[in-house]
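First, one chain by itself: the form predicted on its own, in structure tokens.
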């Protein structure tokens, strides 16, 4: 696979259940995201955006089809190898922030190194400054707003110096000021650092900042 594409999905199908209870979540997805591209997935709730992000990151193995990440066939790897590739190459920013409640903002960023992930040259403190939370680095998640928690999750994702950033509704629970700050961080990551970014969103503001909009409906790219 060409190294000009950071992500390639070929004929991806994901089927949950069986027989009369079968649900087709993804129905023959074909998709390429170029290295250094900032793209968004848009579509109604339940159209398969989150499922597709999970497949592209290796969290979910598709029922059929193939995924390549930076030239490596992700779907051909075993569970441990998929985890290593995801840890080393991909940053995931979930709709639920998944912060450790008893650990400070700084500690929630630094935890990635303790989990064995390779990290970049920026420290947790520097990354929290980048997302505008330098003054709250010692705060617990319960002492932060939802927008601030989301920015801690973004700083944690950036700590691993990922080549690819996958984000699921990163502005869904934040006010307009925090939304602008989050989008500024994504743009900087894309334009200044060359990161490949794919965001699942309903937000037209996010779409307006991206280079390409990929529309989904009923498990298909339309």
Partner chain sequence: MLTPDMGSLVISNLYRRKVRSAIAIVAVAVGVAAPIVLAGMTYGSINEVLDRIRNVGADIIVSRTSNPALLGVRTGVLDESLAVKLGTVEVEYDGEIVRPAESVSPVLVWVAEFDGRLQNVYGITPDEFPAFGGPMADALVAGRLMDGPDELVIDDRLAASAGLGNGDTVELMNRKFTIAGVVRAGAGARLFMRLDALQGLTGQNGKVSAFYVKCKHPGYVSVTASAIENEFPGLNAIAMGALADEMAEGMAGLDEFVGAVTALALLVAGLVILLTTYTVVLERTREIGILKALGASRAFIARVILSETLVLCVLVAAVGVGLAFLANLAIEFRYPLLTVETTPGRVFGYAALGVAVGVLAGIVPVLYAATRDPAETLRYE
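Numbering follows the first chain given and starts at 1. Please read all numbers here as calculations on a predicted model, not as lab measurements.
What comes next is about the form predicted in complex with the partner chain, which is not displayed.
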Does the partner chain come within 4.5 Å of a heavy atom in each of 9, 33 and 45 in the predicted bound form?
no
Heavy atom of residue 54 within 4.5 Å of the partner chain in the predicted bound form
yes
Give a yes or no for residue 98: in the predicted bound form, does one of its heavy atoms lie within 4.5 Å of a heavy atom belonging to the partner chain?
yes
Check whether residue 77 has any heavy atom within 4.5 Å of a heavy atom of the partner chain in the predicted bound form, and answer yes or no.
no
When the contact criterion is heavy atoms within 4.5 Å, does residue 151 count as touching the partner chain in the predicted bound form?
no
Within 4.5 Å of the partner chain in the predicted bound form, heavy atom basis, the matching stretch of 186 to 194, 33 to 41, 57 to 65, 169 to 177 is 57 to 65
The one residue among 146, 103, 119, 81 placing a heavy atom within 4.5 Å of the partner chain in the predicted bound form is 103
In sequence order, which positions of 81 to 97 have a non-hydrogen atom within 4.5 Å of the partner chain in the predicted bound form?
83, 86, 87, 92, 94, 95, 96
